[in-house]
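The chain below stands alone and is given as structure tokens, in the form predicted on its own.
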Amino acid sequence: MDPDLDTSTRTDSPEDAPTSSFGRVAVIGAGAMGAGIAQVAAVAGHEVVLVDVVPGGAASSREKIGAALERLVAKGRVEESHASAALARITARDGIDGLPECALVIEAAPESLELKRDLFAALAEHQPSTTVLATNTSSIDIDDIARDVTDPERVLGLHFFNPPPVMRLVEVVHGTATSRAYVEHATTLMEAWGKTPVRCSSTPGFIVNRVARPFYGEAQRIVEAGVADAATVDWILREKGGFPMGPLELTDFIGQDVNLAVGTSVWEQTGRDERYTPTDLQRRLVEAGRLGRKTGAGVYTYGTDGAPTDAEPDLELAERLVGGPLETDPLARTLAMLVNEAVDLVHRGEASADDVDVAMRLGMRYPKGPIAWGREIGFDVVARQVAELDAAFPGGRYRPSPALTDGSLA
């Protein structure tokens, strides 16, 4: 699941991005993500082939890219000549048969492992051995996708965030077979596209979708237990924690079904680790068709204007909870688990501390990176807090990371 927050004010513009000599780029899948990636590549100076299996789908998306560029021109953010040149570099194609030779192919197809495996095997067969094959998957293992590729060292993840022309973050994800040279090359390319790349191994959920699990899960469990209502929990995380959105309203924004699917994927890929067990609260919402804003009801019920009609917090309760016992303090409990999750990922060697902090600030718009937050709170304090939660709720969900006490992140 991507956070899918269209809240950044940054927009890549053709005159800001250097023309790249990297070569032709193909984007497979012309949905919102694929079209956005194609726009970014074209703006950066590449010849782009936008491909979709639906007849006319790529051509329709190319028209939408043109309209998006025209809006930027109207706002004075892009010169008309640059917008026209970028659009002219994009060609639309139905299907991958006859796809010309490319330096880079980025797959942005639906999240189906079998679909991606078949697609990458076909691309590897018909593209030169030097073509970089990248997937925009948000959670599927890179090694699984590359299983049938002759040269798996050239397969990696380029996980953009929605919308790609606006969001700066790109997770550059390597599998066990991915060559370091390709990772370096992809990282440099993303920087040339005006993005901020972070590197990680192909751990379930990568950085953002792995580290963010406690942000949703702790809030859902607090509401499930009857400690506080959703509006009060959201108010605490927004107003006391500085998060741009509360966790319950954010899952309504993303879509309860989408958020549950990603959480379930991480849970399954980690061998059903208790730390990632989906909540009954979210499962019941999805079963009832309360998927969030898109269906008019999720955690909250939404009026015709799109605003929630039942999101009034209990401010008196909020003030009592914050600073009270850890078990019932939504803010302290959430922060402790975010820090624990982040340091554990670093401890396993799956990403650097700096990349984790950058990823969470840019990808989720957290006010601070969780590693920096841990240093501010004190890793020893967080260790005691997580141990306290582990004693209160035994079973493995709240086991402390060894990194909290081994001094490696001091």
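Please read all numbers here as calculations on a predicted model, not as lab measurements. In this text, residue numbers run from 1 along the sequence as written.
One more form of this protein exists, namely the form predicted in complex with a small molecule; it is left out here, but the text below deals with it.
*May I ask you to check whether P110 falls inside a 4.5 Å heavy atom distance of the small molecule in the model of the complex?*
Within the cut-off, so yes.
*Could you tell me if L115 has a non-hydrogen atom within 4.5 Å of the small molecule in the model of the complex?*
Yes, contact at 4.5 Å.
*So in the model of the complex, does any heavy atom of L119 sit within 4.5 Å of the small molecule?*
Answer yes; at least one heavy atom of L119 falls within 4.5 Å of the small molecule in the model of the complex.
_Would you classify H159 as touching the small molecule in the model of the complex, given a 4.5 Å non-hydrogen atom cut-off?_
Looking in the model of the complex, residue contacts with the small molecule include H159, since a heavy atom lies within 4.5 Å.
*Would you mind picking the one in Q256, T137, T232, N340 that has a heavy atom within 4.5 Å of the small molecule in the model of the complex?*
Partner contact (heavy atom, 4.5 Å) among the options: T137.
_Listed residue that, although the small molecule is not shown, lies within 4.5 Å of it in the model of the complex (heavy atoms), from A68, A32, V381, A59_ = Of the candidates A68, A32, V381, A59, A32 is the one lying within 4.5 Å of the small molecule in the model of the complex.
*Going by heavy atoms within 4.5 Å, which of 223-231, 160-168, 237-245, 264-272 lines up against the small molecule in the model of the complex?*
One stretch meets the cut-off, namely 160-168.
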